[in-house]
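In the block that follows, a single chain appears as C-alpha cells, in the form predicted on its own.
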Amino acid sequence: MPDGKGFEAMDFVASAGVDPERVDAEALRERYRAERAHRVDTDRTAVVELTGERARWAADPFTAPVPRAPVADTVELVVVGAGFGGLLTAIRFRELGFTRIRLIDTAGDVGGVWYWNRYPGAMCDVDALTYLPRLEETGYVPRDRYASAGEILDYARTLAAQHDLTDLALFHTTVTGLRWDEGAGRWMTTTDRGDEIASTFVMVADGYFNRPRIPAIPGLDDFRGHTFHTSRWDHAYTGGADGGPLTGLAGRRVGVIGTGATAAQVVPPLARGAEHLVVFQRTPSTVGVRANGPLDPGVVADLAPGWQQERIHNFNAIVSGRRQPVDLVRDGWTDYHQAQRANLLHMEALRARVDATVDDPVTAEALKPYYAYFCTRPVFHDEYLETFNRPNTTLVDTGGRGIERLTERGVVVGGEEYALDCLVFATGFEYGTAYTRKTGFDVVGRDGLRLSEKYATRFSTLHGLMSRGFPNLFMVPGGNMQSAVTLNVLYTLDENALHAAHVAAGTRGRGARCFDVDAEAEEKWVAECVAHARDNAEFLESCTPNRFNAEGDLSRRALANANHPLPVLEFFDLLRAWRDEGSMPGLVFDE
C-alpha cells in the first residue's frame, strides 16, 4: 500500500521546535478573540450580481458555445451538472440498468469545478489515490501524489467517455426550470436553449462551488485595469495556457485579492511572471507542508483488489477522529488527526513555520494565523510562504478589515493606493446563499410547491438527498447540508450517487410511478441535524469570520442547515443498512 513516505513532517510540532511547556494557552485564546473581533463585518455576505458588464467575470473563456437546435425528448434520468457529482450519478444509474441519461451543464464540457479552475498551480489538496474515484475500474495511476487541475479534468473526460455519457449531454446549457407533471408522473426540464426534456428521475448535482464570488468592494466598477476571477482564468492575457510561464505578465503590476487555498497555489506562478505582485490579505491561512511529488507508475500494481476503497476508508476514518492501526496516506491531513494533537500546539507549529520560512519579520507576523485549526479549510503548499521572500512580491495586510475601495488606477488599503495593471479575484465561490440561487432556477413540485418556498427558512430532507413534495427528485445539497461532511468531497458524491440510484431502481422494481418522502421521517431527520448544529455552534462562534460561520454571525445560519451528526463512514454505513433492509422506510410510493 502506498504510504506517503514523501511526507516529512509526521511529528510536525516537534519538527517546528514548539515546546508545549512554554505555550501560554490562555494568552493565545485571548489573541484569537481579539483577532476575531476586528474581522467581524456582516457586509461581507453581500452578493455581487454578475450581470451587465460584470457578467464577464462568469463567462466561459475556455470554449465557445456551439449552435444547435432545441431538444425535445424523454429520458430516464436528467442530471443537472456534469462535474464529478453528475458523472458518478450517471455511472451509478447505468450500473443499475438505466440507459437514457442526459447531463446538462453551463460549462463547455464535463469536469465541474475542474473545468473552471484552470488557474496556474491549481491542484487538489487530497491525495490523488484517495481523491480520484474508480481508479481500480479505470486502471489509471495519477502522475503526482496531488493531481493537477489539468490531470483531474482529463480524468473526468475519461470517465465520461468510458461510460458513454457525452452522447446525450447538453453543454453550454443552463437549466431555467424544473416542474413535476403529476398526470404524467415525470419531471419537465427547460433550458435557456429552448430544450424541453421529460424524465422519470432528476438529480440536481450542480456542485458546491458553481458561482464565482466577487467581493462587494466599493468602486468595484471603477478600476480600469484588467480583471478576472481565478475560475475564469484569462490565459489570453497572462499566457501560460500550455502550463508554461506567464509571459503575458512581463512588465505588469498584478494584484491578488484573497489568501485562501486558491491564492496559495496561484501566488507563486504569478510572482514568477509579473514585474511586481501585490497580495491583499484579510485573514492569513494555515499553511502546512504539502510534499508533492511524482508517483511511481507501478505504485498500485501489486495491491490486492479493493485497495482504493481501503485507502479511502482509512483516510476518512482518520480525519473523522478515529485512530487507525496504520495510516495509509500519511500527509498533513492524517498527521494532525492520527496524532490527536492539541489544536493550540499545532497552530503554534504552523506559526513557527512562517517564522522559519519568511525573511522579513513584519511580513512573517502578518502571515501568522491566530485562530483555531479547522476554523477555515487548512492549506498545504511548499512555495507560497517562500514567495514573500521575493523582492517583487508585496503582502498588503488589511488588518482584518479588507480592501477599502477600488479606484481607476488600483486598490486602496489604509488610505494608500496601490497602482495595478491587473487585478485577480482569488475569492472563491458563493457559499451559503439560497439553494435556488445556487441552482439558478426554482423547482416546482407537487401541488405547485416551490423549492424556494419550502427552503425559505430551512433545509428539510431525508438523507440530505430527497425532500417531501418533490417526488423522484434527488438533490446534492451545497455544503453537505443534512448529509455527511468529509475532506474528500468526491467520496460523499459517489456515496450519494449510489444511494440515489438504489432508490430509483427500487422504485422502478416495485412497479411504482414515483416515490415521495414521508413527512414524519423528514421531520425526524431534520431534528437530528438541528441537535448537531447546536453541538457545533460554540466552536464556529469562536472562529475567525469566514464562509463557514456566516462571517461570524451565526444568528443568520438556520440550525437545520447543518450536517448530520454521524461521522462520514458511520453516516454512509447508516444509508447502506437502510438499503439492505429492503423496505426503504421513510419513503412512500405511488403504485
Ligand code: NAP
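Note that residue numbering follows the sequence shown and begins at 1. Only a predicted model underlies this, so the values are computations on that prediction, with no experimental measurement involved.
FYI, the form predicted together with the named molecule isn't displayed, but the following is about it.
S.K.: Since exactly one of 265, 472, 486, 467 fits, which has a heavy atom within 4.5 Å of the named molecule in the model of the complex?
M.R.: Result of the distance check: 265.
S.K.: Would you mind picking the one in 261, 169, 289, 503 that has a heavy atom within 4.5 Å of the named molecule in the model of the complex?
M.R.: It is 261 that has a heavy atom within 4.5 Å of the partner.
S.K.: Using a 4.5 Å heavy atom cut-off, which of 160 to 168, 495 to 503, 234 to 242, 281 to 289 contacts the named molecule in the model of the complex?
M.R.: Contact-bearing stretch, as computed: 281 to 289.
S.K.: In the model of the complex, does residue 257 have a heavy atom within 4.5 Å of the named molecule?
M.R.: Yes - in the model of the complex, heavy atoms of residue 257 and the named molecule come within 4.5 Å of each other.
S.K.: Can residue 77 be called a contact residue for the named molecule in the model of the complex at 4.5 Å between heavy atoms?
M.R.: Judged by the heavy-atom cut-off of 4.5 Å, residue 77 is well away from the named molecule in the model of the complex.
S.K.: Spell out, yes or no, whether the shortest heavy atom distance between residue 248 and the named molecule in the model of the complex is within 4.5 Å.
M.R.: It does not: once the named molecule is placed as it appears in the model of the complex, residue 248 has no heavy atom within 4.5 Å of it.
S.K.: Residue-level contact is defined here as any heavy atom of the residue lying within 4.5 Å of the named molecule in the model of the complex; does residue 377 satisfy this criterion?
M.R.: Yes, residue 377 is a contact residue.
S.K.: Though the partner is not shown here, which residues of 207 to 236 have a heavy atom within 4.5 Å of the named molecule in the model of the complex?
M.R.: The stretch touches the partner through 209, 213, 215, 217.
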